[in-house]
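A lone chain, given as structure tokens: the form predicted alone.
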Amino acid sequence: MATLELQGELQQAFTKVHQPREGAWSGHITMAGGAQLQVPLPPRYTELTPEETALAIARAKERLGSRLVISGHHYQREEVIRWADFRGDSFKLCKDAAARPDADYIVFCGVHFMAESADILSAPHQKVILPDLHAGCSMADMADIDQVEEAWDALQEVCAGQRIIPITYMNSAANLKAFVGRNGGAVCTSSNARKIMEWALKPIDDGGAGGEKLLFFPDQHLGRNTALLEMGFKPEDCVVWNPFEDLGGQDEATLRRAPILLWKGHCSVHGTFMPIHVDNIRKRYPGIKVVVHPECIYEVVTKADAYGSTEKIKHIIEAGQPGEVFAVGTEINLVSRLAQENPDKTVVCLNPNVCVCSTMYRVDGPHLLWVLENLLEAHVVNQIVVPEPIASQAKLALQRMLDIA
């Protein structure tokens, strides 16, 4: 019965937002707890041809002028990334958008946690917009605030007397960044994870956080690769915490001993790259250089010639010599773009069967056009707002990262 009542409420809400009326409308339905549902686009947007959509976006962007800045993550599809004023990884885009204080609107073509970070770091008058509210991140969803707080309480009890520093990857929800902020930790990115992890374990007198161990979430692979390949730790120093098992699936002695506690989370795209892909690509292209993202599993990263963030991968390819051949282990949209933008080199995907990031792919031309045309009519749709005190606590964790890195 509750399900039928909910369906009825949703149907009424969908009907209401599509009825003609005066004033602005939100473009989404807000459910209990603040969750938002993306409303269907009006048929006009889905019926346009790609050419018509592109022409309309160009006109809207020109009319909005300096009031608008569009940020596009490297993993966005071509029909979207072509309109970006800034391209980059999640944190670079947040900083780039914040560097445009003249812009009233920041349209973030990426996923939800990126738009949240942009809202936290942007000026008070700026409004951050996510073209499709369903553009989330499966990795970020693998650690929710209730699970993390339960793990934290358990670790405080089991590891009493030991100072634990929480570190969250940029790919996490704002409430997890806030948790880290109020518990003395910091955010990290794939490019500065080593600096942040070293800071967490460095004595306070030396400018560190004074931690004896750290809890790293939500991506176990970035934490493990950083600890083993860059910080001198051994495999036995890294212990995985499974949030669906008592004490994370570990015994108390192991938790007290291990300096690196890794949340059992991963990227669904980077997790598709396997060691056999490296072996096969080397057989097919003798002398090829393999470059992968540190969200890949340890066994893949150690077989690669280089690894790094999307920005670093891009730089490696661009700095390569004409005629060089690269196999790249990351999302296919970026790999394809690197191949197109570096015609003097051969750039292929490490896994020929890799799929796009399905959540990142939700942002498309029609959704971008929809939010822009609403802005032309002074309607702000799909605005992302991080409430207090989450915003200030999350900003504290982000600021610590900036100060450290």
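Predicted model, so just to flag it, every value in this text is computed and none were measured. Residue indices: 1-based, along the sequence shown.
We do not show the form predicted together with 1,3-dihydroxyacetonephosphate, though everything after this point is about it.
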query: Does 1,3-dihydroxyacetonephosphate come within 4.5 Å of a heavy atom in each of Y75, S90 and N171 in the predicted bound form?
result: yes
query: In terms of non-hydrogen atoms within 4.5 angstroms, which of the given stretches 240-248, 289-297, 321-329, 157-165 touches 1,3-dihydroxyacetonephosphate in the predicted bound form?
result: 289-297
- line: Students should find that, of Q220, T226, T310, S71, the residue having a non-hydrogen atom no more than 4.5 angstroms from 1,3-dihydroxyacetonephosphate in the predicted bound form is T310
query: For H270, is any heavy atom within 4.5 Å of 1,3-dihydroxyacetonephosphate in the predicted bound form, or not?
result: yes
